[in-house]
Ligand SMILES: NC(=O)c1ccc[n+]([C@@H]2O[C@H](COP(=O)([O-])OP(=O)(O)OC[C@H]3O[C@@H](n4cnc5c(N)ncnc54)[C@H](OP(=O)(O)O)[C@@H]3O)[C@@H](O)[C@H]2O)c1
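One chain comes next, on its own, written out as structure tokens in the form predicted alone.
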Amino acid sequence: MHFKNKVIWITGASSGIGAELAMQLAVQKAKLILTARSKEALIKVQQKCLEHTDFCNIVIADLSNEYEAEDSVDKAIKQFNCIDVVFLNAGLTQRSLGFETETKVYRKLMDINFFAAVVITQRLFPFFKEQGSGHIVAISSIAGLMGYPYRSGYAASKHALQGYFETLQTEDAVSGLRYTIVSPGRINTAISASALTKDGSPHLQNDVGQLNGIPVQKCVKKILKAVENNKKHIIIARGEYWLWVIKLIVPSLFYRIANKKGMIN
């Protein structure tokens, strides 16, 4: 088991991909640190993980707040005085047309999806440099590779995340520090229910496409395999993958398909 006794920090660990990462890593006997805003939801995940591993600590934080994000790094390090892998998974999606979306929604999406990851990463650099090793896994999205209707702010934040971590990969400035970018398509989680609408209120419904997405268990297995094999980037998607390929090869066709498919969802 590759992750046995490794210290793993997971943000956004209270649900979806984050919670499933915690469970599969617990089965591998990893030493876990789980972070999210909801203490109640996080404790439920923690209790399930402790059925498989002896070490599962929690750090409560609202990562959209820069000071809490910075503080969460210090608290996470203090748990075991070591972090081998950090999964930057905290995120929020969107369901609203760009022209009607309020600016505050874009700011919130950027704060959670982009700036939280940047703040944590920048704060971790000195630690990983001193430790001499580390692995940062950025959970991005296929929306970080192409635009799609009703996701203008979400796609923008994930494009920013993609650019930031690709640049760090090219710089390779911290010895022993590795990066993996994960670009999932539709995964069967409840992420769309908490999506922000045009005024910032929650979407409160699960999209049919999301419910028919790749099972989260299968997605997480692919993520862990990619980290184990030190992959720089992995796409986990079905039809969305081919739409991305069409964008690269026949851009004009991509725009027609994306509009037709996305505007009816």
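Keep in mind the model is a prediction, meaning the values are calculated, not measured. When you see a residue number, it is the position in the sequence shown, counting from 1.
If you look for the form predicted in complex with the ligand, you will not find it shown, but the lines that follow are about it.
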Of Gln205, Gln47, Asn229, Ser38, the only residue with a heavy atom within 4.5 Å of the ligand in the predicted complex is Ser38
The one option of Val85, Ala155, Ile181, Ile191 with any heavy atom within 4.5 Å of the ligand in the predicted complex is Ile191
| task | Examine Asn89 and determine whether its closest non-hydrogen atom to the ligand in the predicted complex is within 4.5 angstroms. | result | yes
Can any non-hydrogen atom of Met23 be found within 4.5 angstroms of the ligand in the predicted complex? no
Q. Going by a heavy atom distance of 4.5 Å, is Asp62 a contact of the ligand in the predicted complex?
A. yes
Residue contact check: Arg186 to the ligand in the predicted complex, 4.5 Å heavy atom:
yes
Within 4.5 Å of the ligand in the predicted complex by heavy atoms, the stretch out of 122 to 130, 164 to 172, 71 to 79, 90 to 98 is 90 to 98
In sequence order, the residues of 15 to 50 that place a heavy atom within 4.5 Å of the ligand in the predicted complex are Ser15, Gly16, Ile17, Gly18, Ala36, Arg37, Ser38
